[in-house]
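A lone chain, given as structure tokens: the form predicted alone.
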């Protein structure tokens, strides 16, 4: 014990405990003013406990907010014959803080596992480049087998990034004609490339 800090005695704590229990019973009945008073009475105590577990002030505030929301939503479950409101609320806060620590640790463990798993993979860039080059040549050869009109529509839509309506406008042809040319061109490309639809 530190000699400069005041020590709370049972006499000091008893009024807070009794007040919190009375307020929580009123909160269970939907009394918003009682919840406001309970918030003022308990928030700093809860924050101190949670901050002791989490160390991070922002996360601690977030956890306390979550717990206070839970208190508002579940106050009707509190039974004053089984315990004190202070104990009930501080237990909820402590458990939520521990859950947050465990969740953060599990996330770090997952990230580490994934990092270790991905770390061992070597990438064969030469092989990858060769595959891309071969695939590019196959597509060029297949594109050469399309009719000029089909190739023009496919190149504008897929390589140029234009919409079907924009292609129709650029070529000064009806939208239905563009759709037909694209459909027929893609069917022909699938056949040439040996891709099952």
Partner chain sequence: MSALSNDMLETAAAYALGALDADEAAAFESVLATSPELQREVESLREVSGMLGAATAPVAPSAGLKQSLMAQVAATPQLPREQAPAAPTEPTAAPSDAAAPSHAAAHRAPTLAAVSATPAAAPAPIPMSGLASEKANARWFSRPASLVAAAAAAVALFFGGVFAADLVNPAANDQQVLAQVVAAPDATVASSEVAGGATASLVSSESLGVSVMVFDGLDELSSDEAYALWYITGDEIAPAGLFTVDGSGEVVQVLDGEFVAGTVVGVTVEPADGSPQPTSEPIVAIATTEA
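Quantities reported herein were computed from a predicted structural model and do not represent experimental measurements. Each form is matched to the other, and the largest set of C-alpha atoms that superpose within 1.5 Å is called the rigid core. Residue numbers count along the first chain shown, from 1.
Although not depicted, the form predicted together with the partner chain is the subject of the following passage.
query: Is there any non-hydrogen atom of residue 98 lying within 4.5 Å of the partner chain in the predicted complex?
result: Yes, residue 98 sits close enough to the partner chain in the predicted complex that at least one of its heavy atoms falls within 4.5 Å.
- request: Although the partner chain is absent from this view, report whether residue 173 comes within 4.5 Å of it in the predicted complex, heavy atoms only.
  value: Taking the distances in the predicted complex, the answer for residue 173 is no, it never comes within 4.5 Å of the partner chain.
- prompt: Taking heavy atoms only, is residue 69 within 4.5 angstroms of the partner chain in the predicted complex?
  reply: Yes, residue 69 lies within 4.5 Å of the partner chain in the predicted complex.
- prompt: Does at least one non-hydrogen atom of residue 59 fall within 4.5 angstroms of the partner chain in the predicted complex?
  reply: No, no contact at 4.5 Å.
task: Scan 19-49 and write down, in order along the chain, each residue with a heavy atom lying within 4.5 Å of the partner chain in the predicted complex.
output: Contacting residues: 25, 27, 28, 29, 30, 32, 35, 36, 39, 40, 43, 44, 45, 47, 48, 49.
- prompt: So, does residue 53 move by 2 Å or more at the CA between this form and the one not shown, with the core held fixed?
  reply: For residue 53, whose C-alpha is compared between this form and the one not shown after core superposition, the shift is less than 2 Å.
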